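Presented below, as structure tokens, is a lone chain in the form predicted on its own.
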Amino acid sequence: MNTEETNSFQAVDEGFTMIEAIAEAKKCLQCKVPQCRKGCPIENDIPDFIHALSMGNMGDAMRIINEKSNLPAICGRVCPHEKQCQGHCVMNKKGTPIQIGKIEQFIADFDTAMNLTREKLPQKDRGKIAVIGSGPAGLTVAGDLARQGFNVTIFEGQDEPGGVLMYGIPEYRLPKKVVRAEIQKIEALGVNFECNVLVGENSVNVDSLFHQGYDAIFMGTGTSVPQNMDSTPGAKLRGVSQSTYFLHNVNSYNEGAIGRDMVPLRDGEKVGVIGGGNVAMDAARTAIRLGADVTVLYRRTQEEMPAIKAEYEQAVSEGVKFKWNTSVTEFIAGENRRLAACRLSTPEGELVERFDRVFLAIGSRPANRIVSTTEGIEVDEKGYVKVVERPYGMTTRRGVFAGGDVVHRPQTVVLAMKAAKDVAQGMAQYVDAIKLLEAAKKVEEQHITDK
């Protein structure tokens, strides 16, 4: 990895200094009815942790955050604050909202650097939980239930936990050292991690986990299968590939796990990215950092683009170009069945434009590995897992719960966490209920024996 490429993936925003963070915290008006809290999907006690920071009480600030969030250093960096907490701040009226994300990031980073957190944890005797997948949903369920006295094990198919946090979000947005530090905090709660275990393959499946004595199982497997454009002529050409594959390889390259030749992009190539969400922005901004000439092709208008506004603005400032109301109707082959150009449908009419490579970022769907190897788990027509309201998050298979993107379609990190927190509560209620029934049954059996 050359020095120039290494530097280009450094974090775009290094965050507050201590003086800056406390100064920002002191600007908070401590509203009687805090709109920022209403704007946060997990209802973080934002004014309280900001007040604690303003007094320099870092331990108390972290304790308040921990009551609602297991991943504050991550949320502080990648949440769409402009649409959520920060976007609801009353000081928006003056154009100077409190920078809540950067404050949360600062508190979490300070806690990591100083190793301040010392939580009093209960004995792990309330029940045994298996969590499949270690993305935002899986980590949230694991952290919440471990804090409540459950013995939790996370099963992860990759060789390192983190899911999309580790392999899908670029280094400049979310440094991997931050993800690892947050996972270490989850581990410190007593959560066990078993990596390189792909549940649904070989001997490990839902049935075998129940046989091992787990009281309940959580599926937090996300949407790992990207949508394709196979119905578009030329979609199978060399040079047409998935943004998620590209981002995974770049992250692995930045970690030193693979060589530069394994990254599907060459310096100076003309690259098209199809899509308008955050994955498209990540792919475009990553390709720019590797020396490409990048154009995003989006089928709708700028106003309809689902990507975070700040991500779009940073992409523009970094040199990414955009074509609105534009669709690819054909991928045109050059030599050796390799992509040479794309036929585009644009507001100006049909045109052909040269591209050396195109990355698809048009959405994803769940894999069916677990569902296909397990009896009784129903999915909808698109493969998303069906769940019930009571106990919240349980699938049609008793004791198997699901949450996050595998249920609610691809969402932001914090929305996956919100859903997972609700499911964790449902799982706790379920396990408590079956334990109570088991205890009642033993009492009844003992009573019959004594007679």
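Computed from a predicted model, the values in this text were never measured in an experiment. Numbers for residues come from their place in the sequence shown, where the first is 1.
Another form, the form predicted together with a small molecule, is not on view; read the next lines as being about it.
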{"property": "is_contact(residue 222, the small molecule) in the model of the complex, heavy atom dist at most 4.5 Å", "result": "yes"}
{"property": "Distance check, residue 141 to the small molecule in the model of the complex, heavy atom within 4.5 Å", "result": "no"}
{"property": "Residue 315 within 4.5 Å of the small molecule in the model of the complex, heavy atoms", "result": "no"}
{"property": "Non-hydrogen atom contact residue 272 with the small molecule in the model of the complex at 4.5 angstroms", "result": "no"}
{"property": "Candidate stretches 276 to 284, 182 to 190, 87 to 95, 352 to 360 - the one whose heavy atoms come within 4.5 Å of the small molecule in the model of the complex", "result": "276 to 284"}
{"property": "Answer option from 175, 127, 157, 101, heavy atom within 4.5 Å of the small molecule in the model of the complex", "result": "157"}
{"property": "Position in contact with the small molecule when the complex is considered in the model of the complex, options 78, 265, 377, 341, heavy atoms within 4.5 Å", "result": "78"}
